[in-house]
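A single chain, nothing else alongside it, follows as structure tokens in the form predicted alone.
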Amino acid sequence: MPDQRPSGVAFHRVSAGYGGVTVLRDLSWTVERGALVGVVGPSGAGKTTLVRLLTGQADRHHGRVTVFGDEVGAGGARRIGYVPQLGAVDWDFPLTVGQAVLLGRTPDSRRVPWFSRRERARAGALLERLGLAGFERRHIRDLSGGQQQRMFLARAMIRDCDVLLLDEPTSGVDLATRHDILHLLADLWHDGLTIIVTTHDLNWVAAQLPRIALLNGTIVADGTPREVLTPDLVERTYGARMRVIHDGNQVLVTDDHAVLGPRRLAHRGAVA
């Protein structure tokens, strides 16, 4: 019997990259409508390229990408909300929080250079929902890491998006901010959004997300943390043997062999 699950985001034998260099090869993968999935893999595996295919920032060499059945063109998919890596943002650019959120408006709404009263009200409501009420006039660099993530979530959501993309949302933030991000994602997921999170933090997604896709140039495995986090699949993805520990419903991935054992640490201390 054919799969009747509604297709939210689908990659059909896609090869993609930049300037003729291929990063993703023959990738076929489907994220159903309303799913929450974390994409993990080593540096250079294509996590950001996967996201940029949906926003129109990567070159698709072969294959098709569809969102709710509509093919994604060079300009990216409609009703996609994108939260970039914080490290890729120019925090000295003269921009207030309110302006940053409003710049996320859909292309169809930019027929005039100013923001309408309705758009300002929408931005204010989103900032209030995300705990940033009264921050509209602050410069973006004056926010904490967690507040910056919330601002970009508001910027993504002002497009009335159906799919939310987050590229490395836990990179460079503390544990409290990670916890905060998780609660925000849970709320948005329960609202019906389809959410794709790329991250290098394998144990964070293993502990917190219901579904993981292992990526290294193509999808190596896709399923629950217990299904995909096995020594063989992790080694195929990262190219190194790792230890996978199952403790009840929790899964922990760590180095198979300690690089700095007690003897090496003791030796290092003696030399110092």
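If you're wondering where the values come from, they're calculated on a predicted model, not measured in any experiment. From 1 onward, residues are counted along the sequence shown.
Just so it is clear, the following notes concern the form predicted together with a small molecule, a form of the same protein that is not shown.
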(message) Based on heavy atom distances of 4.5 Å or less, which listed stretch (223-231, 241-249, 63-71, 49-57) is in contact with the small molecule in the model of the complex?
(response) 49-57
(request) Answer yes or no: in the model of the complex, does the small molecule come within 4.5 Å of a heavy atom in every one of 104, 127 and 135? (result) no
(request) Sort through 177, 148, 99, 85 and report the residue having a heavy atom within 4.5 Å of the small molecule in the model of the complex. (result) 85
(request) Could you work out which of 31, 27, 45, 212 is the residue within 4.5 angstroms of the small molecule in the model of the complex, going by heavy atoms? (result) 45
(request) Classify residue 162 as contacting or not contacting the small molecule in the model of the complex by the rule of any non-hydrogen atom within 4.5 angstroms, answering yes or no. (result) no
(message) Taking the small molecule as it sits in the model of the complex, is residue 23 near enough to touch it, meaning that at least one heavy atom pair lies within 4.5 angstroms?
(response) yes
